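One chain comes next, on its own, written out as structure tokens in the form predicted alone.
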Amino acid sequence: MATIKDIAQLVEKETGIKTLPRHIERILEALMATGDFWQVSGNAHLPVPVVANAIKHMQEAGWVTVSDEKIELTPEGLKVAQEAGLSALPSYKCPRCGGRGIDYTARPDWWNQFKEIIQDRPEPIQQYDQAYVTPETTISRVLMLDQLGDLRNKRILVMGAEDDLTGLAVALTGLAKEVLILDIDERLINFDNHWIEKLNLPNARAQVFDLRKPFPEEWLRHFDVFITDPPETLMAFKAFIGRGVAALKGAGSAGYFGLTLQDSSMARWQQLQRMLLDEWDMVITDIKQDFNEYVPWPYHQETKAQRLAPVNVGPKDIW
């Protein structure tokens, strides 16, 4: 009979992603709370390939049943979980802030204006691997910048994350000394520049730019803060975050970036943290787990994650 350790070894061998018995336990704990595959992956804080592969082996072992829409523990799977001392993962997430520790309504002027502007935002497209966060998430990012002293009278660079319209949200506050928004998607840049001009925001500008290209000299050592949301590979981390570090004035400057554990992994996070500490001489001050909440994107059925998923439905809710 398969054991939790056996499943972990099989998953690591087949996915190439380091998988511990504790990771399999976390999947079981998540399954005890929900049968939604996407929520299981998120709640377990594990890469989609690991969760999908683990569920395949759990099904072969008779621990779960899988339908087109959900996964359910069998009596045998529940027995395995209980014998391991596991129980359903609880949630104590604050219903007001979504667990971010930031009240997105604290500045109703920012919140209401941003919520109104984004009604006609460009939709995410697969060409650039886009998926945007909820407006509550975007405004919470801006409020966190302000709370940590990284907004007012600061020169801020926003790179390759404008599907979330973070740069525009920063610009709308009118508090930054300068906001430069860079993205490869001309639709997003045009959207930003339309509102920058319409609202007369003289300290902000948006520009089409491919982050695979080197920065011009005038952007180097110029900014107080960078914000980016890189694709989750080490090469992309170096390109996006490395560009941001090169653009900072120096000691005392700050960078903000988003990572997940569904498209990445703890092992990859460790590699990035080593780069931050050893190569770029930075220090990690804050990690906000589950800060970003994403709106399901229209092309999800065409993604690798959906192809790997044991269910035929994509995310139905914010995740």
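Just so we're clear, the structure is a prediction, and the values are computed from it rather than from any experiment. A residue's number is simply how far along the shown sequence it sits, counting from 1.
Just so you know, the form predicted together with another copy of the chain exists too; it's not on screen, but the next bit is about it.
With the partner omitted here, the residue from Leu220, Ala236, Ile184, Leu148 that has a non-hydrogen atom within 4.5 angstroms of another copy of the chain in the predicted complex is Leu148. Here is the short version: of Ser87, Asn193, Gln113, Thr74, the single residue with a heavy atom within 4.5 Å of another copy of the chain in the predicted complex is Ser87. Shown here without its partner, the chain carries Glu14, Asp210 and Arg212, none of which come within 4.5 Å of another copy of the chain in the predicted complex through any heavy atom.
This chain is displayed without another copy of the chain, yet in the predicted complex the stretch 266-274 from 30-38, 46-54, 60-68, 266-274 comes within 4.5 Å of it by heavy atoms.
Proximity of Arg155 to another copy of the chain in the predicted complex falls outside the 4.5 Å heavy atom cutoff. In the predicted complex, Ser91 approaches another copy of the chain with a heavy atom inside 4.5 Å. Among residues of the shown chain, Ile118 is not one whose heavy atoms approach another copy of the chain to within 4.5 Å in the predicted complex. In the predicted complex, another copy of the chain sits beyond 4.5 Å of every heavy atom of Ala246. Taking a 4.5 Å heavy atom cutoff to another copy of the chain in the predicted complex, the contacting residues in 271-294 are Gln273, Arg274, Leu277, Asp278, Asp281, Met282, Val283, Ile284, Thr285, Asp286, Ile287, Gln289.
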